[in-house]
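So this first bit is one chain, no partners, the form predicted on its own, shown in structure tokens.
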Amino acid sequence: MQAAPETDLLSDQQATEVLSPGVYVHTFGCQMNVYDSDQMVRSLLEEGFEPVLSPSEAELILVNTCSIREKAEQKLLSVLGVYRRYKEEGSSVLICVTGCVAQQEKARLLKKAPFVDLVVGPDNVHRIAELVRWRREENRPVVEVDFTRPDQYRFAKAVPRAGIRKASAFVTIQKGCDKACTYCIVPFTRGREVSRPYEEVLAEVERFVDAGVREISLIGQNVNCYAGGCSFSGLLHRVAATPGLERLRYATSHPSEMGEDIFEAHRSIDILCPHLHLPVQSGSDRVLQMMRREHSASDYLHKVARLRESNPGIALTTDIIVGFPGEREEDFDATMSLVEQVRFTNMFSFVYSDRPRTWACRHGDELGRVDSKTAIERLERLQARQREISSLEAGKWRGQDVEVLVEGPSKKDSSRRQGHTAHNWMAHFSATDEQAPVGAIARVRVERTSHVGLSGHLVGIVSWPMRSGDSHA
């Protein structure tokens, strides 16, 4: 799965800080990791951990990792070096590494960082409280990275945390991936595809909406392959019927699985947001074939055309890898051409990096590796052009009123508010918490734009936050 397709969550490696009783959680990577971190916090709440405001005060430091790119492992070791000093200063804090790097490295991680107390793979995060308790009782490192058999896998039940108001929430509907993209480590770290029964999904959505959440994002490594008792399009229609739900999103999608039923859903479901993250990875058929992506550039462009017929104005974002082994200059030119045709509102692009056990890693030399200087130069050209396109696309909103789901104070200026439009643009505007509380849908007049978002002033409130229980009154 690529990085999370939700504004800040779409960054290469995001560190999300989650505060909870007795535990400090540092999360890297995709929306699935953010969701898993939240589930671990909920589990640990039942163990009586006290709240902490910094890792220096924690009884347990959880580092939830991503291994999509090599940089993620480097960042992990760097972060662990920082947290190690608490142990060196005499603290009894436990350090636990969870997520995809834990699954990838297993016990080898203890050799690189022998001060780590627990190594826990994604299929075992629901057992975090039990494993922490076992570590304290046995006083020796814990390595728990076995995959659960698909027919025995159980999804964690998310319950909104009391006293914390959120405008939006993730709901996991599927985990794992059965695709065989030659560069991707996800099948090795997240395992086989497993779909969550739709009844569980609907119940979780209802719990969040009843707690005041206005927007739900259905997440999974490959949501289009959902098979939890209905089709993915059927699930979209069922979730959209939830009383009180204002917005619906989903991620991540594979282009080869986008069918007519999904296009119909974008046409007929009013609350399905006019934004989609649809990774393409390359505009070259030759490279796509080496990546084993199961689609051509023309296939991708056809799907884009169908989406825009179904929902004119839909905003599209994507992932692109440059410097894949064997990529030639004409292949990169084909990627630039596709970018010009689609005009993505945002893009998450990276230089290829070898991932252990993948086909591209094993065969990169024979394909012909792209030297670092060339790959970086291509990436810079791509990103420069995308910034220009993003600026132009954002500029179309200047002078218009947009509806913004208020998420809280601006991270850059606490005197302002921030949130996302339905098209997934981050918007900042002048208002107080009383004027635009979390969960409100605000009408904002756009005054300034850039390649990263919109800025303006509050015109009015379209709808106020719901109180707990209002959706089912």
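Note that the structure is a prediction, hence the values are computed from the model and not measured. Each residue number is its position in the shown sequence, starting from 1.
A second form of this protein, the form predicted together with S-adenosyl-L-homocysteine (SAH), is not displayed here; the remarks below concern that form.
A.B. asks: Go through 175, 214, 293, 303 and name the one with a heavy atom inside 4.5 Å of S-adenosyl-L-homocysteine (SAH) in the predicted bound form.
C.D. replies: Checking each option against S-adenosyl-L-homocysteine (SAH) in the predicted bound form, the one that comes within 4.5 Å is 293.
A.B. asks: Counting any non-hydrogen atom inside 4.5 Å, which residue from 93, 351, 240, 402 sits next to S-adenosyl-L-homocysteine (SAH) in the predicted bound form?
C.D. replies: It is 351 that has a heavy atom within 4.5 Å of the partner.
A.B. asks: Using a 4.5 angstroms cut-off on non-hydrogen atoms, would residue 26 count as touching S-adenosyl-L-homocysteine (SAH) in the predicted bound form?
C.D. replies: Flag for residue 26 set to no.
A.B. asks: Please determine whether residue 279 contacts S-adenosyl-L-homocysteine (SAH) in the predicted bound form, using a 4.5 Å cut-off between heavy atoms.
C.D. replies: Yes, residue 279 is a contact residue.
A.B. asks: Classify residue 319 as contacting or not contacting S-adenosyl-L-homocysteine (SAH) in the predicted bound form by the rule of any non-hydrogen atom within 4.5 angstroms, answering yes or no.
C.D. replies: Yes, residue 319 sits close enough to S-adenosyl-L-homocysteine (SAH) in the predicted bound form that at least one of its heavy atoms falls within 4.5 Å.
A.B. asks: Look up in the predicted bound form whether residue 68 has a non-hydrogen atom within 4.5 angstroms of S-adenosyl-L-homocysteine (SAH), and give yes or no.
C.D. replies: Yes, residue 68 sits close enough to S-adenosyl-L-homocysteine (SAH) in the predicted bound form that at least one of its heavy atoms falls within 4.5 Å.
A.B. asks: Work out which of the listed stretches, 180 to 188, 307 to 315, 232 to 240, 370 to 378, brings a heavy atom within 4.5 angstroms of S-adenosyl-L-homocysteine (SAH) in the predicted bound form.
C.D. replies: Going through the listed ranges, the match is 180 to 188.
A.B. asks: Are there residues in 236 to 272 with a heavy atom within 4.5 Å of S-adenosyl-L-homocysteine (SAH) in the predicted bound form, and which are they, in order?
C.D. replies: Going through 236 to 272 in order - heavy atoms within 4.5 Å of S-adenosyl-L-homocysteine (SAH) in the predicted bound form - there is one hit, 252.
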